[in-house]
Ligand code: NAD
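Shown next as structure tokens: one chain only, the form predicted on its own.
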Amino acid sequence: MQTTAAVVREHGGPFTIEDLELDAPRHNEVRVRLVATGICHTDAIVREGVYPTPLPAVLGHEGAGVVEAIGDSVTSVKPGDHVVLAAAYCGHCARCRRGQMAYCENLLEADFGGRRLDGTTAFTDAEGAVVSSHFFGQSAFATYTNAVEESVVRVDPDVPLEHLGPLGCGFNTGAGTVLNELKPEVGSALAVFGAGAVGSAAIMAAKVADCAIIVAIDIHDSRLELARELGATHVINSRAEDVAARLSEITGGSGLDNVVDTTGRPELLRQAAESLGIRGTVALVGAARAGTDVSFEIGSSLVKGWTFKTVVQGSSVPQVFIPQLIQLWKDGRFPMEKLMKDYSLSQINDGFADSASGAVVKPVILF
């Protein structure tokens, strides 16, 4: 069948709207009619060539829509079901068997390979040339797509699909890093470096976890103002203020219990580590280019017993954690709609530009 998709054809190039041919779902796939798809920083860095997805490609990995058809081995959904699309995982490696799907041993192939395991793609263009598909198992910048069953999360039909897509990656990553990985104690102190979509989700999750001190750090005053609405108790503009001095002041000199870094910038990671209290933890979720070097002072920090860890996809099982986030939203405790601005598919390049400039926290494509 025909699908209309945003295609990126060269690194650093724009998205072009094209009509593509979508093949039939394979035995383990679900055809989804997309209602909305979030724009994520990972889409942007793949377009720039940071990860090796072959171009041309249909990106997009925060899809939400309605099941149109299923392959003969699919059991978790049926036609008509409302679904959110999340990251793919193989389901059979040692990590997946332990319920650690975010750390699937075949993650790069499943999410960034641009091909099925047999080397085929779901999309061909008007000239019959192949276009990479199955980005994060889904390639959701399209009106219709074939997603692997592992990427599909069934959700209640009474929840509006228009704003559920970002739960598939950005919000899942930020909230999961706090609730699934760091698990902060009630009354503890947590800071978030970078108040974009992932950082904002971490702030909301820190409030859910009843942290007493929640510090948002960013360079955009508009994002810091929004962070206060979402639950931040303190905000720091790192361009205008001395971050180390302010954090020491906020924590009374005792340091932070946890830091979520969404920037991947070495100088901020060092600053995050230095701001920790005894037994504190820095969780890095921001992607950095290959070869990025981060060094930490040992010295007096040795006796702090602090931890540095990287966190993928919020250490979550999507089929478990995404429904939990939806319940928090229903309860008014995860107001994710405050972060979003809607765009049409034809405005997708505007959405990426607004995200890069900081004008919008979470652009969402509505089909």
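Start at 1 and count along the sequence shown; that's the residue number. This one's a predicted model, so the numbers in the text were calculated from it and none came from an experiment.
The same protein also has a form predicted in complex with the named molecule, omitted here; what follows describes it.
J.: In the predicted complex, does every one of Cys40, Thr262 and Val311 come within 4.5 Å of the named molecule, counting any heavy atom?
T.: Answer is yes for this spot.
J.: Ile45: heavy atom within 4.5 Å of the named molecule in the predicted complex?
T.: Judged by the heavy-atom cut-off of 4.5 Å, Ile45 is in contact with the named molecule in the predicted complex.
J.: Even though the partner isn't displayed, in the predicted complex is Gly231 close enough to the named molecule, meaning a heavy atom within 4.5 Å?
T.: So Gly231 does not count as contacting the named molecule.
J.: Even though the named molecule is not shown here, does Leu268 get within 4.5 Å of it in the predicted complex, heavy atoms only?
T.: Leu268: yes, in contact with the named molecule in the predicted complex.
J.: Indicate whether Ile365 is a 4.5 Å heavy atom neighbour of the named molecule in the predicted complex.
T.: No, no contact at 4.5 Å.
J.: For the interface check, one of 146-154, 120-128, 216-224, 181-189 should have non-hydrogen atoms within 4.5 Å of the named molecule in the predicted complex; which one?
T.: After filtering at 4.5 Å, what remains is 216-224.
J.: Ok, Ala272, Ala195, Ala175, Leu167: which has a heavy atom sitting within 4.5 Å of the named molecule in the predicted complex?
T.: That would be Ala195.
J.: So which of Val285, Ala110, Leu247, Val282 reaches within 4.5 angstroms of the named molecule in the predicted complex, heavy atom to heavy atom?
T.: Contact residue from the list: Val285.
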